[in-house]
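The form predicted on its own is given below as one chain in structure tokens.
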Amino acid sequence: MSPAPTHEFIPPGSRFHALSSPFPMKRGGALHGARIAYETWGTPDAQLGNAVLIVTGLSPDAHAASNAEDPAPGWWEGMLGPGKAIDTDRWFVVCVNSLGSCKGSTGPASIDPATGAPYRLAFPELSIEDIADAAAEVVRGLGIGQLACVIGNSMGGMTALALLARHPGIARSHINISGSARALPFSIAVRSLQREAIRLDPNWNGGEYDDDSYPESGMRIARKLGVITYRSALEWDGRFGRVRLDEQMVPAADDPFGLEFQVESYLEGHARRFVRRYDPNCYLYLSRSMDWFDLAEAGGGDVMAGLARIRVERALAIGANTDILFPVQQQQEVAEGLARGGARAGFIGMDSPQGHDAFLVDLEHFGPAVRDFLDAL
């Protein structure tokens, strides 16, 4: 098969930081000529002491909010900007796109300089620690000696903890939002099914797909599984109940098991909007990196000891009580572990019905918590 176009989807306002070459990977191998996409907001002070780093979940890009380079709304538009919870009138904010992604940073969809073709499955095994090390290089490359705060949500909560553990002193404080210090069996099981759905799609073809032969069914199912776990049963019930589709939209006679309920239609629409906007191999790599992550490795087999080795002055862990993917007990564990390391650490379990995605949509609750923490720095 001839090399296919790379499946990269880069926001127009992205800037790029060239990683050290070779860039060593935790589980072996190295990248050459790799880069990380990032965006910034606000103005750095004379000492670069007002810098805040945001590290993201699996699918977001570096475009967290609108800015001069890209006025389109970002994925955290309501949280970040002048006068908002992360106030860019005070803070110089940097958001990085994860290593391994397809949103501008080097990943499986990028061109391998050794071959001139996409890496695909020749990309080295990716870990959360690699993502953290790449983010650290961006911070240093911008001349930032120490961050005022590193904020990580979902997978980014893992990345932030790895960053703090592997680069002591890189940040004075930390906000961990719907993140964790290790993957739990339920989350591993869900992600395993998502990856299996992609790999069992014949069009995946061992990672050798192209635009004409693309694993759309596998990606649709993977995304549906993800969306189901991102929200809570409480919200699914309140939002859709058992409402059926309009009569003209019910399954046709030749498709007796087609979509019938509004919740099915919602999942289908959400999945179809996602599948051609994210590279399947990148999805596989980043998903597996979360399953591998366990901060107990830094604590001699004890996750609390691993957390206690991290040194920050202040920390806040926030989660939603309805989150089934990163249960709120994991954020409580983060706060308790960082407190053992000497941090003034707090924990807030939000009574939000939106589940894991609450930090994206329930800004009425999450925004003030973030604002109060940053205002006190």
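Everything numeric in this text was worked out from a predicted model, so none of it was measured. The first residue of the sequence shown is number 1, and the count goes up from there.
FYI, the form predicted together with a further copy of the same chain isn't displayed, but the following is about it.
- Residue in contact with a further copy of the same chain in the predicted complex (any heavy atom within 4.5 Å), chosen from Pro82, Pro168, Gly143, Gly258: Gly258.
- This chain is displayed alone, yet in the predicted complex one of Tyr214, Trp75, Phe274, Phe240 has a heavy atom within 4.5 Å of a further copy of the same chain; that residue is Phe240.
- Residues with any non-hydrogen atom within 4.5 angstroms of a further copy of the same chain in the predicted complex fall in just one of 148-156, 217-225, 88-96, 168-176: 217-225.
- Relative to a further copy of the same chain in the predicted complex, residues Ala233, Glu264 and Asp291 are all within 4.5 Å by at least one heavy atom.
- Although the partner is absent here, Lys103 lies well away from a further copy of the same chain in the predicted complex, with no heavy atom inside 4.5 Å.
- When a further copy of the same chain is considered in the predicted complex, Gly116 lies well away from it, no heavy atom lying within 4.5 Å.
- When contacts are judged by a 4.5 Å heavy atom cut-off, Pro202 counts as touching a further copy of the same chain in the predicted complex.
- Although the partner is absent from this view, Ile111 stays clear of a further copy of the same chain in the predicted complex, with no non-hydrogen atom inside 4.5 angstroms.
- In sequence order, Arg182, Ala183, Leu184, Pro185, Phe186, Ile188, Ala189, Val190, Ser192, Leu193, Arg195, Glu196, Ala197, Arg199, Leu200 are the residues of 174-201 having a heavy atom within 4.5 Å of a further copy of the same chain in the predicted complex; the partner itself is omitted from this view.
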